[in-house]
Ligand SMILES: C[S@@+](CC[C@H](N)C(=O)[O-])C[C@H]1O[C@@H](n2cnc3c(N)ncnc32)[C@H](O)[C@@H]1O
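Only one chain comes next, encoded as structure tokens, the form predicted alone.
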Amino acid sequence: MKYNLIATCTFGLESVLKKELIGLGYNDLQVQDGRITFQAEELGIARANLFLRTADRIYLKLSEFKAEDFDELYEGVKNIDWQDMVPVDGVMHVNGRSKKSKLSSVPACQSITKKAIIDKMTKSYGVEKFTEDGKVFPVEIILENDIAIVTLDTSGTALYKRGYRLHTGEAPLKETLAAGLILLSNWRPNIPLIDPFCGSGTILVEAAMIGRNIAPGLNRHFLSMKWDFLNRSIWKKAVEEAFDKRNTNKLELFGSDIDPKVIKYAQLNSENADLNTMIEFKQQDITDFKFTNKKAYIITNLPYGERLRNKSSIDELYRSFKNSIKYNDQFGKHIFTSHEHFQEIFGRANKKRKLYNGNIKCHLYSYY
């Protein structure tokens, strides 16, 4: 049986997520802003949750239909065979979004959706009252241009929460975005990678996982593991595949930061991920930066105001960074920042990509 799945991602990472899905063997893809719809066997639900580095969540798409009024919304939701998925004691949380649709009241749409589900299950189970004290089934109703899409969230906790990052500094970078920056840079594991503003080490930990081909979801659980309508064996098969795909590549990963506290955080996070032997961290000011290799990649999330108490020092910091690496012409530099005038300080980039760190508009500036 084929399932329709939706992988969501940070705006700007769609191309990276598409490559990831193709790499997993899924080719019939529909790409939209912030999400990609694809088809997969039941095993694909486990594989997508386990392997995708840049996806935020994996949704099971249940239905898509026109909904210009509440009657159409009610009937469309009620037509879904909820009893085939949700047990009589299932907990159904309904979230909603509406964009450019006549049904613009999200609370009303959520209420109608929940009523339609309960009415269908009342008829199917012959029960008038539901305890909703069993397993959780998060339902989402999305309305865009008067088209309704009904989904179940198979991930539960967002996929960026890998489980290793227990300590963070200010304005931490999500793991999914850090992985996206690395994949956009085209870094290869045989080339040294440096993050001179490493903070709590997220970019380098994600790079170690990429370099060793360690599945990002290998050490966590997913909500749909508990659902009875999915075969439990899919998770065992996906985990076995993940272990088989790991390699023993030799990696050269280096991180530094002026703040000794966040360097300690970075070391602890890399230990939590069992990757501490692959990454070298040290406390260092950017003016002391030295790296003798002729070739390397720099991928870094520069401090951009939110991480600095004195915002007037940003330009000075960026100039110091530029001066510290100006003699390393063979370095590929991929710099992530929200500074609108970054190129005026650092020079015109070969490529500029718009991305978002939470609600902050940023750019990835690539110098090849």
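Values in this document were obtained by computation on a predicted structure and should not be read as measured data. So that there is no doubt, residue numbering starts at 1 and follows the sequence shown.
One more form of this protein should be noted, the form predicted together with this ligand, which is absent from this view; the next part is about it.
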> Thinking of this ligand in the predicted complex, which stretch from 243 to 251, 186 to 194, 172 to 180, 148 to 156 has heavy atoms inside 4.5 Å of it?
Replying inline: 172 to 180
>> Only one of Asp259, Glu132, Glu144, Asp228 gets a heavy atom within 4.5 Å of this ligand in the predicted complex. Which one?
In response: Asp259
> Of Ser224, Ser270, Ser200, Thr113, which residue is found within 4.5 angstroms of this ligand in the predicted complex when only non-hydrogen atoms are counted?
Replying inline: Ser200
> Pro303 near this ligand in the predicted complex, any heavy atom under 4.5 Å?
Replying inline: yes
> Hey, in the predicted complex, does Ile286 get a heavy atom within 4.5 angstroms of this ligand?
Replying inline: yes
> Would Leu317 sit within 4.5 Å of this ligand in the predicted complex, counting heavy atoms only?
Replying inline: yes
> Is Arg162 close enough to this ligand in the predicted complex to count, meaning some heavy atom within 4.5 Å?
Replying inline: no
